[in-house]
Every structure is written in structure tokens, then in C-alpha cells.
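Okay, here we've got a single chain as C-alpha cells, the form predicted alone, with questions on binding and movement later.
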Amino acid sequence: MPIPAQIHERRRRIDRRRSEPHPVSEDLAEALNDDALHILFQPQFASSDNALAGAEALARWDHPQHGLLAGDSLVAIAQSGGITRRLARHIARAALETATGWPETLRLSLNVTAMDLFDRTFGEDLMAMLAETGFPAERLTLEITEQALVADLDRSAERLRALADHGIRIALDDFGAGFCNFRYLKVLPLDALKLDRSMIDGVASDARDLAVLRGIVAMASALDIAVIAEGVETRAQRDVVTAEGCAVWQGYLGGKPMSARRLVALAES
């Protein structure tokens, strides 16, 4: 059995490794300098007529050794290198600049992390980017996950409320994947619930899954909150979420993440 001194030294080594920069964090910093990240857009469709309603911005980085990096992996690398704020601002600005050339009917959705909400300048920086790019706040949706709210719900609610006062819409992302604290529905200025793909998988074949969907939609309707169905991959799923009252759907049935040029072509078609 290890003696206390050995345990202490082992913990020190673990803590030291955790605090060391990610091996590719410096590469990410250079990629941001060179504007080497790709911003793709996952199309979202109105359930009423299946017309393109907007898109969610997603960052992709093609690392020469590690391949395609995105999502949580990209955030983890940035966090290890101390450039999380820089990464978030880079993605937001690039997406907003691109979306200014979209048809006025299309909305843009940006993902918000816990680090964004923890940053007291996040709201000010976002409003400044909107002013500089000219993208209307009323056409912007911020998608926030439950994990980003756990640290300080009241502070998060206050900062999101300030943005909502400017016309920005707030959506609770991945609803159904986590603990689903219903206090979120009372405290946050929510315009939409975005259902996790796990909530959509069986709606066309499983009676219980369908019953859960109906319950969520009914609850959201009573609170005047729209429902977005994520992960729609079949026509049967799309037909169900449409019939049950989901306002918007997205998923590979409508298209995989694509370039801004392809998105505009999709809107025009």
C-alpha cells in the first residue's frame, strides 16, 4: 500500500500534468492567427413548410497530425492553452461576418460554453461584434447547454437576460441529455428548448418515446417556449416532430454541416 508521501507526490504529478498546456494548444493559437479554422453551418428547417430557417455555426480544425478536431475536443485544447476566450470570440465573429450576407429570413445560432458565461465581458463583446458586423441581434440565437449552467445558474440567468433584452434569443441545448433541472425553465429567459438527439431516435417507433416528446412539447407550449428537434435523420422522425408541434428541426435528413456558400444555395433552392 502506498504511503501518504507517495500518494501526495502522485497527486502532485497528476495536477502538474493537468496544468500543462495541451500538446496542440500552441498549434491552435497559430491556427487562429492564420484564420485556419473552418466555420460550417448545420441547417435548421421550419416544421411548418420544411423551408430553411437558419443554421447553427460549428467550428472545425483540420490538424496535420491529429486530423479533424471539433466541439468539446477543440474547447478542451483551447482551455488547456488558456485561449478559450480567444477561440470563442474568433468563432462568433467569423460566423457573424459570414451571416451578414445571408437572406434576411435566416437565423444564426451560436453555441455558448460555461467559460463564455463565466466571462463577465462576454455580453459586451458579443454586442460589440453585432454592432461591428451589422448582423441584427433579433436574428441571433444563443444555444446554451445544461453543463454551462451548473456552476452559477443565477449569474448565468442575469447575463443571458441582459442579452435577451437586446432581442437575442436563448435556447437550452441538448435538453433531455442531462439532469434536466426544471428550475432552468423558471429562471432562464428561454425562447426555445432544443431536444437532444437521444430524445428523437425512437419517436417514430416507440410509444414511450413518443409520449415523452408529447409531454415536453405540451410543457413548453404552456410556457410559451418553442421546441427544436435535433438529430432528425429520417422522414418518419421529421413527420412525427412536425405533427407533435416542434417548431424547427435539424439533422442529417436536411443536410450535414456545410459551407456558407452551400447554405445560401440551399436557401435559394
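Keep in mind that what you see is a predicted model, and the values were worked out from it rather than measured. Numbering starts at 1 and runs along the sequence shown.
Omitted here: the form predicted together with a small molecule. The next part is about that form.
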Non-hydrogen atom contact residue 146 with the small molecule in the predicted bound form at 4.5 angstroms
no
Look up in the predicted bound form whether residue 202 has a non-hydrogen atom within 4.5 angstroms of the small molecule, and give yes or no.
no
Verify the contact flag for residue 111: yes if a non-hydrogen atom of it lies within 4.5 Å of a non-hydrogen atom of the small molecule in the predicted bound form, no if not.
yes
Taking the small molecule as it sits in the predicted bound form, is residue 197 in contact with it (heavy atom to heavy atom, 4.5 Å or less)?
yes
Let me know the one among 26, 62, 233, 239 whose heavy atoms come within 4.5 Å of the small molecule in the predicted bound form, would you?
233
Partner contact check in the predicted bound form: of 168 to 176, 79 to 87, 98 to 106, 115 to 123, the stretch with a heavy atom within 4.5 Å of the small molecule is 168 to 176
